[in-house]
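Before any questions on binding or motion, here is one chain by itself as structure tokens, the form predicted on its own.
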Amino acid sequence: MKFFIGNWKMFGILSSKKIIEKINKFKTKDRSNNYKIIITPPYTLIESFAKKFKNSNVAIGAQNCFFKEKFSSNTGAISPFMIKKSGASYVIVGHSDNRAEGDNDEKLKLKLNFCLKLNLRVIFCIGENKKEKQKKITFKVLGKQLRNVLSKKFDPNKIIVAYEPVWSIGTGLVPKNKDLSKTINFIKSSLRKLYNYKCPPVLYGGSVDEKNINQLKNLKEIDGFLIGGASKSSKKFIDIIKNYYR
């Protein structure tokens, strides 16, 4: 099973349903069991998209959540419970955008705990920045991110790990296959140690598009992709999937 997750970030309004309809028709027409499509639109679209895809193989997720389970006085916050009630079944946690805005390991661990408690599947993002890459401490950084947030008590069957090097996001730069293979295998080895040889799926994210997917598909250890900018276009998003299996 390969995952293709579209992270729309701060894009999309109700008229975006047209894009979703094209993706849904493609999925229905294709009738493939080899992959799973997950779309994570802004909070404002979760409920309407969840209803739209109720009888579909396309799942809807949220791009983030607050670190309290249900209700609180935090203005503008959205809890895992509220996301669940809106119809989402996945939540992205730990994206570099949110880490830069103040999400530390303590908050991220709380988010994972509450999401998993509510039976939401978590897409946990990890990745090194440009300076850390230049210092050649990528494995040290990734290992720390995994150890500090993931817990042995968490169900590995409800977790997806997405490796997104911060220096790659939105830059058009993608790691060389040789380097990416080593990194993915390091992450999987770390996860097997934590979960007694059970390993959650490990995805790659960072400037994935319909062209470089031809390079990335050669790495069979990658279990799917977290796709940003290209996922806003139904054609580009579908072409990524088509080109992967071509």
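These figures come from a predicted structure and were not determined experimentally. In case it trips you up, residue 1 is the first one in the sequence shown, and so on.
Just so you know, the form predicted in complex with a small molecule exists too; it's not on screen, but the next bit is about it.
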Practice item. Counting non-hydrogen atoms within 4.5 angstroms of the small molecule in the predicted bound form, say which of V208, I187, L203, I46 makes the cut. Key: V208
**Study point:** Residue contact check: L110 to the small molecule in the predicted bound form, 4.5 Å heavy atom
**Key:** no
**Study point:** G229: touches the small molecule in the predicted bound form, heavy atom cutoff 4.5 angstroms
**Key:** yes
Review point. K9 near the small molecule in the predicted bound form, any heavy atom under 4.5 Å?
Key: yes
Review point. Is the gap between S168 and the small molecule in the predicted bound form 4.5 Å or less for some heavy atom pair?
Key: yes
Point to revise | Among 116-124, 160-168, 68-76, 143-151, the region lying within 4.5 Å of the small molecule in the predicted bound form by heavy atom distance | key: 160-168
